[in-house]
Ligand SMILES: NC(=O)c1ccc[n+]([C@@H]2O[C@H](COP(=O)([O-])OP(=O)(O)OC[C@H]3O[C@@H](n4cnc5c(N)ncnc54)[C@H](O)[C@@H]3O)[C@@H](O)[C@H]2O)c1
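What follows is a single chain, given as structure tokens, in the form predicted alone.
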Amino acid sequence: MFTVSKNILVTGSSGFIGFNLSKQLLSEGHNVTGIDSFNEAYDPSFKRIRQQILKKDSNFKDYELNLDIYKNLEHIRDTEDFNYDIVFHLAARAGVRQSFLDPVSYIKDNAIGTTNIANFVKELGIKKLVLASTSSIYGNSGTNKMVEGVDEKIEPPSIYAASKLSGEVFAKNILENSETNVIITRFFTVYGPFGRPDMSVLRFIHWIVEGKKVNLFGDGKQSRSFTYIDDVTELLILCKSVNTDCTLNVGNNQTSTLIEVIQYIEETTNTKANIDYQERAYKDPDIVLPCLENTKNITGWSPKTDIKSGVENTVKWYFENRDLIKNLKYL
């Protein structure tokens, strides 16, 4: 089917999700403008690797800047001779534990940065803003599924979660009564090829394959909705056709424990993990399970990749790129 090319702005374009989304948009023939600050929440050299892959496409160009300074966005506004059809705001400073150590950076990058993006969208009259948020805002869901869009019941348990929820609230207030559709996507433990080196799945693979100790915080029975990157990208692409304000949970409808993930990696690599059990992380939830009813009703989306298949794909990618990433910091 013929697709009309669009001018699309992707913030966080060299981040994990932004990179994969940008690749897909470029493959569909769209013009993609990327923004990334290359902050050091995790090793920026990995973001540079992703950036260089995107730069091979002539329909991609990017800006290196911080979003907490509005003048930086004014520079883009004054430089480009076209308007954007849609903005995917995926840029963020990630990491729950680090947010307690450096709260100001999280407030600047996540709350103020999102506020500036919303004002930019309003100023230019852009019709659609897809805003990345996080399942971290829900805290510990216990055995109950999370309900979407019930913000008055949400008590974010970390500086990171609070900064992301603040960004949601600011964007909705700024763009209220405008012609812009604000689509909030709350991601649940996204993993896969080119994933964040500071998150569990890629770290576990690296430690097990390289014969290092596997640092496991707690007993490993914590359950997560591990969501494969291709499923996430598919949902974001579907958001191009959503023409209403909404909040969408983006996660797997089956949870897995950290111990189960380690076992899948052991089976796939035929290598035994040397687990070093450590103190449970501060405010680490027991179980995280999304309610996907609203997401499916609005977009028709549901996750397709089970954790075992996703781990196998990620392990395969790791071996293919082992020399490229083995020296990354924090891995």
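These numbers come from a predicted model, not from an experiment. The first residue of the sequence shown is number 1, and the count goes up from there.
The same protein also has a form predicted together with the named molecule, omitted here; what follows describes it.
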Which one, F187, W207, Y84, F120, lies within 4.5 Å of the named molecule in the predicted complex by heavy atoms?
F187
In the predicted complex, the residue from L129, L90, V201, L248 that sits within 4.5 Å of the named molecule by heavy atoms
L90
Every residue of G15, N66 and Y160 near the named molecule in the predicted complex, heavy atom within 4.5 Å
yes
Exercise: I35 in contact with the named molecule in the predicted complex, heavy atom 4.5 Å:
yes
Is T180 one of the residues lying within 4.5 Å of the named molecule in the predicted complex, judged by heavy atom distances?
no
Is Y42 part of the interface with the named molecule in the predicted complex - any heavy atom within 4.5 Å?
yes
Proximity of T134 to the named molecule in the predicted complex, heavy atoms at 4.5 Å
yes
Determine which one of 26-34, 43-51, 290-298, 272-280 lies within 4.5 Å of the named molecule in the predicted complex, judging by heavy atom distances; exactly one does.
43-51
